[in-house]
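To begin, one chain is listed below as structure tokens, in the form predicted on its own.
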């Protein structure tokens, strides 16, 4: 499972595809203070990025993949 949902944290793993966007949105709508851990994420479909940006989700850990981090960090920090 590319996203593991905990009580107030979502762990993103490997490739997170468009299929996960709806579940992510629903989960974030019920947890406005939730954080996401992107450290193990290697690919994030832009639908999920849009969900994270709209929800203004906090990031607890950025991707270890430097290229992925370089385009996610500016997009997600702008909403903080």
Partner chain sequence: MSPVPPNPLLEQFISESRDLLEASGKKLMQLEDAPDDQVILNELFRCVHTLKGNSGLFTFPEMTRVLHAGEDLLGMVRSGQAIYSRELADRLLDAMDYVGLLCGEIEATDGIDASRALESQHLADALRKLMPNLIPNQDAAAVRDGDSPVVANAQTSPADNPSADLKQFAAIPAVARKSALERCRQGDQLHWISYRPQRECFFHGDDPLNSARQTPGLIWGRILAPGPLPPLSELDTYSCLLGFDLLTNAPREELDQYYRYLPDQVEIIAVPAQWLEKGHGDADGASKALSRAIPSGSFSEDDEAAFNWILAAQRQILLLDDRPAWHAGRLKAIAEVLANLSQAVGETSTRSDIQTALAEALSTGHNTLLLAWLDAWIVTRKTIQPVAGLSWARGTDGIMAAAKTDSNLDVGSATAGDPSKAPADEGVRFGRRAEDSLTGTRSLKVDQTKIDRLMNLIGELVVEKNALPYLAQRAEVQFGSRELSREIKGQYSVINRIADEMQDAIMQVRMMAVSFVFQRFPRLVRDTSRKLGKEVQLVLEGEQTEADKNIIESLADPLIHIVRNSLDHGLESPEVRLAAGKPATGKLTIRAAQEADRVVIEIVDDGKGIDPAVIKQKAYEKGIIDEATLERISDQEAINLIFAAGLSTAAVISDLSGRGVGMDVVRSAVEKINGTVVIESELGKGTSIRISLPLSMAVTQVMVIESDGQLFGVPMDHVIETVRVTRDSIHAIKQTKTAVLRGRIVPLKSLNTLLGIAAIPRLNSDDELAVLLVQAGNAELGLIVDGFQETMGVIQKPFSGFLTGLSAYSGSALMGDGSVLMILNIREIV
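Nothing here was measured: the structure is a model prediction, and the numbers come from that model. Residue numbers count along the first chain shown, from 1.
Below, we refer to the form predicted together with its partner chain, which is not included among the displayed structures.
Not one of 40, 59 and 64 comes within 4.5 Å of its partner chain in the predicted complex, counting any heavy atom. Not displayed here, its partner chain is approached by residue 28 to within 4.5 Å at the level of heavy atoms in the predicted complex.
With a 4.5 Å cutoff on heavy atoms, residue 11 does not count as touching its partner chain in the predicted complex; it lies far away. A residue is said to contact a partner when one of its heavy atoms sits within 4.5 Å of a partner heavy atom; residue 47 meets this definition for its partner chain in the predicted complex.
The closest heavy atom approach of residue 34 to its partner chain in the predicted complex falls outside 4.5 Å.
Heavy atoms closer than or equal to 4.5 Å to its partner chain in the predicted complex belong, across 57 to 72, to the residues 65, 67, 68, 71, 72, ordered by sequence position.
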